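A single chain, nothing else alongside it, follows as structure tokens in the form predicted on its own.
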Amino acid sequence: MNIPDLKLKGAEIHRRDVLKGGAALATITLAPGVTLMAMGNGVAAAANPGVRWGLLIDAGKCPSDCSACVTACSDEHGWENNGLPTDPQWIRKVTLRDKETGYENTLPVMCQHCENPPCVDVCPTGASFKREDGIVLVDRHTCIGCRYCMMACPFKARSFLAESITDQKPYSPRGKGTVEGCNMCVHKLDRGDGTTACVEACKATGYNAMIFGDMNDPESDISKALASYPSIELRADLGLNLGVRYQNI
């Protein structure tokens, strides 16, 4: 059975049924003091539909030997990457090389928070969903670990958590057997911080290669930067209208 067949054979009905029961799952305990939130209800409902959170990354300001954004994300959310193929990577540094000239630069890649996310389209349970403010998330209550979203993502931005987790962050719960990825530090945004851990870390280095903000607000720093300098989307040919943009690549 292929992925489109799954969606056509009643996945939409199942999605509604599952999300109706989200509130009943809101107190599932993963570890002492750590519970999963019903993202289908509380988190999604808190989103402001007038906002489109976005990230602008200037690759020209991103040194190849700097991984402050990766370290900050790992510390903030409690994931570790030890170089194994199965390790999570919510954000990673990649190197781009021009085959004709040999010119190289590096840049961080994470979930691109598409306006039209392929991961949401293929998810048979509705676990992958997009908030009204543009943030793409995974509801671990309803994720069955099928990994269709991982196959559908053009950016390899999601990881499958195969190991048991201890000492979790209460604000960023994770679950064995589920898929995870960058959530734009949704806990920080919902409490009013207005920024992400990776952007804070980049600013602390002095490189200032990352700008975060509301892409719908013409007075925001990110909107002004996007209006002033050329930027691109990764795989713009797919027409996904990404929430992450790049300059100087």
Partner chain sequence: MERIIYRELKSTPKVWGLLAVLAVFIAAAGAVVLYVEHYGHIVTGMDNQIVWGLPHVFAIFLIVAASGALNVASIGSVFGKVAYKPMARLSALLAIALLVGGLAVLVLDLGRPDRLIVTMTNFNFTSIFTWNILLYTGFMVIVAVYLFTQMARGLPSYAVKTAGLAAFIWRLILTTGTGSIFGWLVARQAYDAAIMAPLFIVMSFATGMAIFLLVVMGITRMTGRAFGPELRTRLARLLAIFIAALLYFTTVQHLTNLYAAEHWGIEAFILRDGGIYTFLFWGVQVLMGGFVPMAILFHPRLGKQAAMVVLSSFLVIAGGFAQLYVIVIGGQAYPLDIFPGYEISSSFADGVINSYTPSILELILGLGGVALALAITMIGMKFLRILPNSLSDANVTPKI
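Numbering follows the first chain given and starts at 1. Everything quoted here is computed from the prediction, not taken from an experiment.
The form predicted together with the partner chain exists for this protein as well; it is not shown, and the discussion that follows is about that form.
Using a 4.5 angstroms threshold between heavy atoms, G145 counts as touching the partner chain in the model of the complex. Using a 4.5 angstroms limit between non-hydrogen atoms, K169 is distant from the partner chain in the model of the complex.
At a distance threshold of 4.5 angstroms between non-hydrogen atoms, K130 is out of contact with the partner chain in the model of the complex.
Proximity of C114 to the partner chain in the model of the complex falls outside the 4.5 Å heavy atom cutoff. In the model of the complex, the residues of 64-94 lying within 4.5 Å of the partner chain by at least one heavy atom are, in order, N81, P85, T86, D87, P88, Q89, R92, K93, V94.
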